[in-house]
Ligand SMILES: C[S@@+](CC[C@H](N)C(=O)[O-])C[C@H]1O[C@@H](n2cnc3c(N)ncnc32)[C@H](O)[C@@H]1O
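Only one chain is included here, represented as structure tokens and corresponding to the form predicted alone.
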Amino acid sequence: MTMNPLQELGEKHGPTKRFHDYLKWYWMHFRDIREEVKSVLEIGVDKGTSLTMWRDFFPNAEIHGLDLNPDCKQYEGERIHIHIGDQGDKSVLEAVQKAGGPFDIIVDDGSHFPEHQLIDFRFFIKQLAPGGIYVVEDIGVGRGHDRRWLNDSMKGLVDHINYWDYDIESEGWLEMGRFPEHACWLDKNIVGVSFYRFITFIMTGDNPGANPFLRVREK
């Protein structure tokens, strides 16, 4: 099997995510932006192998890692910054955001507790740089009492992406070039979500304003 450049870096650095067949999806989503990315956060450091892989893949980015284990500080190095703290603690998230944000890419490969995954998503999704991408690994297979919590929450994003202004008729969708004020933040800022086996990518942007073909309805 021919490997893409990210898979080759995975073989070089040895992150466990290469065993989950995730790197082909990362390559698909990140290959066109690798030069533009300036700041990356991965929640969950382990042995630091993912961070060195991201450092080599994103040549112009500062790479940040968050982990509960203070021993992970040893993996700090060239363009790699380690933050120690609990991913379920909002004050820790605020400190990480202040130190390295806004992040272009955030990858949650941390505790795998659904409650932590939701806390971090809800905090960071609004903090991403414009056009940022949020990734959750091992979705639906994490620890805890109900592994479907995050599955259900992420599936709900489809309704936000496909927001409909019910004041217009069905044939008027081309006039939805701007959402009304009562549309929520997720309606206006989540432009895509991609599900693969046990990994999810959430893309942010201007929904629907980035589509030049839609017209703004006249009042």
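These numbers were taken from a predicted model, which means no experiment stands behind them. Numbering starts at 1 and runs along the sequence shown.
Omitted from view is the form predicted together with this ligand, to which the following refers.
When contacts are defined as a non-hydrogen atom within 4.5 Å, none of Gly10, Lys24 and Asn60 contacts this ligand in the model of the complex.
Contact with this ligand, judged by heavy atoms within 4.5 Å in the model of the complex, is confined among 29-37, 178-186, 149-157, 44-52 to 44-52. Interface membership of Asn162, defined by any non-hydrogen atom within 4.5 Å of this ligand in the model of the complex, is ruled out. Looking at Leu68, you'd find a heavy atom of it within 4.5 angstroms of this ligand in the model of the complex. When this ligand is considered in the model of the complex, Asp104 lies well away from it, no heavy atom lying within 4.5 Å. Heavy atoms of Pro114 never reach within 4.5 Å of this ligand in the model of the complex, leaving it off the interface. Residues Gly85, Asp86, Gln87 of 73-97 are found to place at least one heavy atom within 4.5 Å of this ligand in the model of the complex.
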